Ligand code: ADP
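This document opens with one chain alone, in structure tokens, the form predicted alone.
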Amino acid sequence: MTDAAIAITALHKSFGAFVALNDVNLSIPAGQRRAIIGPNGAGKSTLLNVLNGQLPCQEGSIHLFGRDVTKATPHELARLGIGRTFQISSTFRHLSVEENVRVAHLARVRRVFSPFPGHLRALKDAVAASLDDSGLSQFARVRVSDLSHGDRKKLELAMALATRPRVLLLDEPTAGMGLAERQELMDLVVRHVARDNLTMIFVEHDIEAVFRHADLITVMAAGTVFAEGTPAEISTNPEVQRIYLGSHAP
């Protein structure tokens, strides 16, 4: 249990008569890049929503580095080291890029104002470093609503990383992006994950990105774990190909 960044046991979540997660068991080692794939309605996004406390589970348990966090709230989980991005970018659209990143840093230190010059300098330097690391420095004073879709995705990643997570949850990070943008964003994500030794759990429909960046792949179908394996194992699994990958398998 303690060797796993995330350990999920017998997780169950339903919405009325619809069962979204049914007896899901996962163990994700620290530092691993784990992809979650499957058809629409497989329970992938629901799983991430339960993992970061947005949705409660009815049964089962979740442990974060050995600590039971089954009933933890999103802000508690953020402080314990879970960062998150969403399918639809979750940013403050009428604030500038710089202001969005500043909000994320202030949430991490749990401080909205400090009279001490040292704190203000440290905050300014941290925001500048986040913008530089994410390739957003030139957009610092641009309002988020004026950004391209790809740059909003970069901003959301920068905000998640500003909380200094140990586990990074990404829900379809490349959705709605062109090929070049998808590759650029995923390369950026993986660079940060490797640098900071993060555990990465990502839901993604871009199978090429999954095979390129995942250490291990979990395939879900109808709310359950259908298969697990390395990219090579999943790409040659005939049942996975039949229900999901089809002609996209390499």
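Note that the structure is predicted; figures quoted are calculated from it, not measured. In case it trips you up, residue 1 is the first one in the sequence shown, and so on.
The same protein also has a form predicted together with adenosine-5'-diphosphate, omitted here; what follows describes it.
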Partner-contacting position among Ala42, Val189, Leu51, Ile217 - heavy atom within 4.5 Å of adenosine-5'-diphosphate in the predicted bound form: Ala42
Among 179 to 187, 60 to 68, 43 to 51, 23 to 31, the region lying within 4.5 Å of adenosine-5'-diphosphate in the predicted bound form by heavy atom distance: 43 to 51
Within 4.5 Å of adenosine-5'-diphosphate in the predicted bound form: residues from 4 to 29 (heavy atom criterion): Phe15, Phe18, Ala20
